[in-house]
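Two forms of the same protein chain are encoded below as structure tokens; each is given separately, as structure 1 and structure 2.
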Structure 1
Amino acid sequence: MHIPDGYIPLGQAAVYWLIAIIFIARSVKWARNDMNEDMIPLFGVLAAGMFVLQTINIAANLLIPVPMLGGVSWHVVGAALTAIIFASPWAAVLLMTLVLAVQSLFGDGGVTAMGANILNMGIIGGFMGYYSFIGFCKLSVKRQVALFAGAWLSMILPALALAFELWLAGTFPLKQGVLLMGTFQGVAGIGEGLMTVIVFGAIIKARPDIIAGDAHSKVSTLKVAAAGAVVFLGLAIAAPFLASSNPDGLQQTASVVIKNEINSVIAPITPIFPNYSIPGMGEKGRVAAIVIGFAAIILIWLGAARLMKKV
């Protein structure tokens, strides 16, 4: 669901960037003042893990085997999961900003459209996913159901927002865009919901105090982060061999509804590792590129966190 350069006119893209910058600034303030330092390693590993998971497109018809979904794929986003783990939607905004910024080095999502991508995946996804989860919990819905529902909404609502944004941009027709994006991301939300329930359950099993302040901690957050890093590193190495070559929901929708050639926009940043690969190295280059991105996010976050906590 990464909007590429050229899909949104620069004037409109600037508006989305302005909105995103306001929220990014507030998310940095949250990290500086409210994030427990014990959670810093876990945040970095989770961000790096989301980067890896977003490189693994999964065939949509594995979730719902219907002809319409043949040839379409989906990938994890993780905004709702992040917001729920850190008990703040600002965490989702910050994490998605970090992930999207690094992804721009791989040509995944446009630099000019990054403000819109942050708005959709980080802001709308994070806030709606988190507060939906809180709302369902207050209605005494079982936690697993609330997690699933919050994660599902964090996928479909940004997809509908994206359809409206691209309609305003003159790129998508409104009805077709809403119908197709809603359908594809509604199915993707099922996978997102399942992933959120599984990962959240695994984390709180090791650290129940993440959601219950008076619970006894079984394992330190650093150990949980280290274990997560090992798992995600393994997935980074396996990612090129696991990912489906099918287009995601946005790419598939664009192939159906866009009739005219998209105006090309020169991106401010030339991808260093285009399409998550190092040119000329084949499969080894794809593995190396994803591992580099994984490590880069952790290092960037640890450096940024150190600076934020000193200010």
Structure 2
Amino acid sequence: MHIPDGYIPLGQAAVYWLIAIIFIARSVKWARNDMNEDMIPLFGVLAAGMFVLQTINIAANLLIPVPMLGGVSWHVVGAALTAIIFASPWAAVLLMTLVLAVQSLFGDGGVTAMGANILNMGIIGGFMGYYSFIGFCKLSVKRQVALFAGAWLSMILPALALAFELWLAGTFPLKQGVLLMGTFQGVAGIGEGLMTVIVFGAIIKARPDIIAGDAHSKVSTLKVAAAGAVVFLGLAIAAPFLASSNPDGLQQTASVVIKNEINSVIAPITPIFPNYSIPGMGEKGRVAAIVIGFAAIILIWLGAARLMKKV
């Protein structure tokens, strides 16, 4: 999962670094001010522990009993776990940054690519892991299930982001990348999820005071919804590049079976964005159409919610 140097062109690496620096600055401020006291020395020590516990190997065939996986092992990342324990995704950003920086000295992940690695594992992993955990908790799912789902998403979403970044860099095609990284991290995510459940359960027994228990219920639904919207928007923007140019199954069937009727029925209705795109703008138009459509759906939602409140 760690991108090495040379995979991403310098310009793009700089952009990821810039995003990472903004988040790192905010996370340092969080550790200093938003916790009850100045937690910076404590987080420094904890980062050392996080680095060391990432060297604990877990045999892959504990998850999937396939003999082929004889010597394969993986380790926990812990982005979702730390975000959930400290009831803040900033904890994950801070700890993952420190761990990744030291890991790059060991050759795990590049120096120019570190920005992208922090973005994937720290920011996307931490934020998405945390807010999906909160989201599941709000749906009053059992805590263990919510933990598992949060941790799994904190592995699979960075993998998708990674595939997208490598595609932007011209290093790996998007579809194969999503399939390859998605499968790999999807399986590793099951392990991460199981480990998160076990570790969280053990910590809450040993030191219940570490875990900011009631902070979870205070997170506003709006924040969770915003995190969800970011994910869906991200996936939606990636979708046109992933989608095939051939008509999908339903369209295909419809055009074969009711070719004439469909034209006479549908033709009078002119869609705003035919073929999910704005004519004359190419792929950009497709992305724009999706963003506009997405915004429209949210506006309609909000409008409907308002109306229902009044009634």
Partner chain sequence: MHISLTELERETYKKSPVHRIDGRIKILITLAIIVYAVALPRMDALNFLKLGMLEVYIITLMLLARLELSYIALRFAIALPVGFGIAAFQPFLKQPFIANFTVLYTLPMGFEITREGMLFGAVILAKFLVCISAVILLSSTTSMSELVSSARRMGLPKELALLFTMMVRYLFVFWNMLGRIRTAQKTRCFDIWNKKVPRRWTLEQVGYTISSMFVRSYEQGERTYQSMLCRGYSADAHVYVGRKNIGLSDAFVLSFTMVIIGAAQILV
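For residue numbers, the reference is structure 1: its sequence is counted from 1. From a predicted model like this one, the values you see are computed outputs, not experimental measurements. Whichever C-alpha set is largest while still superposing within 1.5 Å between the two forms counts as the rigid core.
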(message) Between the pair I just shared, point out the form predicted in complex with the partner chain.
(response) 2
(message) Taking the rigid core as the reference frame, tell me whether residue 298 has a CA displacement of 2 angstroms or more between structures 1 and 2.
(response) yes
(request) Would you tell me if residue 28 moves between structures 1 and 2 by 2 Å or more at its C-alpha, with the rigid core held superposed? (result) no
(request) Can you read me the CA shift for residue 56 between structures 1 and 2, rigid core superposed, in Å? (result) 4.6
(request) Align on the rigid core first, then pass along the CA displacement of residue 47 between structures 1 and 2 in angstrom. (result) 2.9
